[in-house]
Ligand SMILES: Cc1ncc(COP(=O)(O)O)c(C=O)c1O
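Quick heads-up: it's one chain on its own, the form predicted alone, in structure tokens.
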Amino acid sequence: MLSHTKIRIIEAKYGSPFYIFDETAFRKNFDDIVKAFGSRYEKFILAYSYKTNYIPYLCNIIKSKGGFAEVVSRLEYDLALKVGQKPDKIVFNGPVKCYEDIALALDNKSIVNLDSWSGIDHVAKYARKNPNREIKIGLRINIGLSDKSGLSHIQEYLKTGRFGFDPADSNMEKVVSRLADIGNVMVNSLHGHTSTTDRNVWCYQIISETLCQIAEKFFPESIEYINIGGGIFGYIPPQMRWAKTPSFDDYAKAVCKVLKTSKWVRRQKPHLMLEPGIAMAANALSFVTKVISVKDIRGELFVTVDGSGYNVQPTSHKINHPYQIIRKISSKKRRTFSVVGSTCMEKDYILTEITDTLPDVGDFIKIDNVGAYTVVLTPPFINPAPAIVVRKSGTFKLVRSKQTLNDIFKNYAF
């Protein structure tokens, strides 16, 4: 439990607001996912989604535990190399990869999953320059997720997703033919990440079935990786549950059942790969922000803090996070109020209409479950990005300094 005194010490060293990284929770998420899937399918690989939270300290933990890095840009690919991730343990996804990106990844023997025909053109160019080398590539497959009523469960209920290759036989035959024309290229990975509305278990079952069927029909001897993507639920606090939240075991049972019943899988024995991001990072970061003012406007109570909604919910969802008010002195003034941020945006709400003992100026509020996308999506809007600390042996270690004016403006011409 963090005391007001302890937070004041951290504030004095690193400024307010700040993030606290819970390394124990992050490591437990890794271990629990590996146990759920690895106990049911031996050749399981966890590839951590860098885009969800690419704090190098986190990425180093993944590397130390034998996990892979899943990246979707050259920025993230270079970061994976910088933290010492082995190149053959980097999965390079994403819809936009230029020739130089693909060439570097193939030189390094990374797993490269192509998203479009332009990617195949880049590979063809690379193959012409390396005629004596067998070149291994992966394909991202566009998978529809409509239920029995015809309702699509793709993110935002989109009728059709925009990523990957159409899995229709006629289109896959064109892909196979084009790769055959290149000659020294083989497909060793199929990638099926599909963002869903509710992260339901049956979505991952469909993804697994589709990838295995395509592998068996079009690439029966070459596939080494069946990659079902990410997006699964992690440990969600009860107050944030907007849908039924399956456990890691629930996902693993459904997916591994598909693999175990596939004759092709039993014969070929591919690796099963999962790319969790939210499930790994969400509950591993908390945000601590200081109360600056408390005011009553026409009967509405507003508690203004020095952080902002960008630090807590940059995707602009409306669900209140778990929180704790850390006070200088105890209080019994129980009221209904909203916690609002430091920016000049009316919509900058951090907690909306909560009922609790009313904070005082100088108190702190700790917001939990903020590890997904906050660090990577927080803009330098009005305020700099805050420090990040990790608790180590009873003390707090800095893993990112508070952003300075020079950090933000060093690339500008004055």
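Numbers follow the displayed sequence, beginning with 1. All of these numbers come straight from a predicted model, not from anything done at the bench.
Only in words, not in the display: the form predicted together with the ligand, which the text now covers.
>> Even though the partner isn't displayed, in the predicted complex is residue 369 close enough to the ligand, meaning a heavy atom within 4.5 Å?
In response: No, residue 369 stays farther than 4.5 Å from the ligand in the predicted complex.
> Does any heavy atom of residue 273 come within 4.5 Å of a heavy atom of the ligand in the predicted complex?
Replying inline: Although the ligand is absent here, residue 273 would stay clear of it in the predicted complex, with no heavy atoms inside 4.5 Å.
> Any of the heavy atoms of residue 57 lying within 4.5 Å of the ligand in the predicted complex?
Replying inline: The answer is no: residue 57 has no heavy atom within 4.5 Å of the ligand.
> Any of the heavy atoms of residue 199 lying within 4.5 Å of the ligand in the predicted complex?
Replying inline: It does: once the ligand is placed as it appears in the predicted complex, residue 199 has a heavy atom within 4.5 Å of it.
> Quick one: of 289, 93, 311, 189, which gets a non-hydrogen atom within 4.5 angstroms of the ligand in the predicted complex?
Replying inline: Among 289, 93, 311, 189, a heavy atom within 4.5 Å of the ligand in the predicted complex occurs only for 93.
> What is the one choice in 246, 164, 231, 341 with a heavy atom within 4.5 Å of the ligand in the predicted complex?
Replying inline: Answer to the contact question: 231.
> Out of 61 to 69, 30 to 38, 46 to 54, 358 to 366, where are the residues with a heavy atom within 4.5 Å of the ligand in the predicted complex?
Replying inline: Of the stretches listed, the one contacting the partner is 46 to 54.
> Relative to the ligand in the predicted complex, which residues of 128 to 160 have a heavy atom no more than 4.5 Å away?
Replying inline: Sequence-ordered list has one entry, 140.
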